[in-house]
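In the block that follows, a single chain appears as structure tokens, in the form predicted alone.
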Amino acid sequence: MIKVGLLGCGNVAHVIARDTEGFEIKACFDLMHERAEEIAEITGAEPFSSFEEFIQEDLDIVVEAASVAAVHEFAEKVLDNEKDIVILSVGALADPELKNSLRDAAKKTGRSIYIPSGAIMGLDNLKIGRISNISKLLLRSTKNPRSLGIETDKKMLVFSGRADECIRRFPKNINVAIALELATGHDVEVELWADPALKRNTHEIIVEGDFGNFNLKIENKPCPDNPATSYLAALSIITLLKNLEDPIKIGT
């Protein structure tokens, strides 16, 4: 059975902790130790407030569900300790120096970096962009203005431009764009909208290429216990973990 360590014990970790059939959470780490203790009570895992102690545990894979800053601080150390890693805060990989450093560390240790589909779908299919021409790749995301730190009483365009520029301004809100770039190998154009009437975060992916056209719209339901967290993002990690040892692989 896959032995999992949770790096970050917030809302996503709680969703994962409630559905562990097919894998086992052995250790959990959070700088706020009481959060790690909450996960420990649910799973029976060992809670840690020290990363150095956490990473010495017998783990197959570490799930980062913390923040972009946590990826910068801990991801390479996970790989150096010969453990695979799942990166949910994929916006960190907008930094090419970090992305290349993590790729080199993974090659050196023979470990893997997994990027879950997060708050969208269709990433697996979009990997064809690496071998077939894409002429248009647009992500149109619409969120409640409160989540963007904006006050407005009407729908408004907050940002339009390249994904790497958008994530510098909204680092907590545009992980999806970087996931699309990693999947396709192409730059992503982003439109970020704020809409006070919105009840669910919405992502529209518009792709045109030699293979045809691809339009996908996702309306995210929030986690039952916390409206700030995408339920789909948490479920994507659970699905990834459950399928790691399945000999039948679906998709590209």
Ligand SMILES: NC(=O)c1ccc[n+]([C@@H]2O[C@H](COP(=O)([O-])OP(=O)(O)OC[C@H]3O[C@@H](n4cnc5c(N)ncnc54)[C@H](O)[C@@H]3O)[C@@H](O)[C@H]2O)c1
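Just so you know, these numbers come straight off a predicted model, no measurement behind them. Note that residue numbering begins at 1 and tracks the sequence as displayed.
Separately, the form predicted in complex with the ligand exists; it is not shown, and the next lines address it.
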Name the single residue among V86, A119, L93, L137 that comes within 4.5 Å of the ligand in the model of the complex, judging by heavy atoms.
A119
Heavy atom within 4.5 Å of the ligand in the model of the complex: which of L198, L216, L31, I42?
L31
Would you confirm whether the three residues A66, E73 and N175 all fall within 4.5 Å of the ligand in the model of the complex, going by non-hydrogen atoms?
yes
Is there any non-hydrogen atom of I238 lying within 4.5 Å of the ligand in the model of the complex?
no
Taking heavy atoms and a 4.5 Å cut-off, does G5 contact the ligand in the model of the complex?
no
So, in the model of the complex, is K26 in contact with the ligand at a 4.5 angstroms heavy atom limit?
no
Whether A17 contacts the ligand in the model of the complex should be assessed with a 4.5 Å heavy atom distance threshold; does it?
no
Pick the stretch from 151-159, 95-103, 78-86, 175-183 whose residues have a heavy atom within 4.5 Å of the ligand in the model of the complex.
175-183
